[in-house]
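Encoded as structure tokens, the following chain is the form predicted on its own, with no partner shown.
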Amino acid sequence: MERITSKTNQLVKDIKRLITSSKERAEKRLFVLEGARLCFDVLNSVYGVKYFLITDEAYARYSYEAAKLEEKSEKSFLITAELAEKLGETKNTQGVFAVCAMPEEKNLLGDKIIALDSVQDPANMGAIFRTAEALGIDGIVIYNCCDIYNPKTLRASMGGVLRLTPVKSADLVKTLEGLKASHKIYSTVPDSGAKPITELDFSDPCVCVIGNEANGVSDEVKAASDGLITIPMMGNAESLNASVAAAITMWEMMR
């Protein structure tokens, strides 16, 4: 493995830009994983690894997994603890980084689908992916959402983003209309006049739309839906956090 020690190294600068800039990630079609668990999760994914960077201490601690990731990577580098701190976005970096290539966009979805309409919080997005994978959701459609390769999203997903590649929609209404022949389309709303989610039969193929944190599902998407559904609430809160609403919705879809 090559060794990098200089903070002015061009590769280090390029990787830092990938970590901090959504625009850079989109242009280069690359993103960065940080931390032992996320980086080694990529060993069991379809993602290609362009660069693998690790400190001597981390290599000694994770020698088996590090050797496997070194084999999978196009290039691997040993870096100093100081460089790991420079690159790291976490409070106490583990000194393990992987620069991965974004996969080809996915088109196939399956029977049970979640669609995200303008979800903007990276932590919410990551939590939704984590729950979707855990509950066995077949596919996720994302429209006008935050970058799924944002470091916060990747961490919150606990590797879910690596294993549940979404379909990106340029027009959610058109995407949903294209699914109507085979799926029932439901939009989730905080409205007591909508049908309680607990009364729905989700045995047939369906899509449930989760809306933006502040504004909910757009009027256009609601109009394109077969029905509006709501999560019954006994307390005084007007609505639920987007990731919590998604988790409850997905549980009802899959049970």
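Fair warning: this is a prediction, and the values are worked out from it, not measured in the lab. A residue's number is simply how far along the shown sequence it sits, counting from 1.
Separately, the form predicted together with a further copy of the same chain exists; it is not shown, and the next lines address it.
Taking 197, 206, 30, 69 one by one, only a single residue has any non-hydrogen atom within 4.5 Å of a further copy of the same chain in the predicted bound form, and it is 197. Contact here is defined as any heavy atom lying within 4.5 Å of a further copy of the same chain in the predicted bound form, and by that definition not a single one of 17, 41 and 44 is a contact residue. Although the partner is absent here, residue 133 lies within 4.5 Å of a further copy of the same chain in the predicted bound form, judged by heavy atoms.
In the predicted bound form, a further copy of the same chain sits beyond 4.5 Å of every heavy atom of residue 1.
Looking at residue 240, you'd find a heavy atom of it within 4.5 angstroms of a further copy of the same chain in the predicted bound form. Within 4.5 Å of some heavy atom of a further copy of the same chain in the predicted bound form lies at least one heavy atom of residue 247. Contact annotation: a further copy of the same chain lies within 4.5 Å of heavy atoms from the stretch 224-232 in the predicted bound form, the single such stretch among 224-232, 52-60, 22-30, 185-193.
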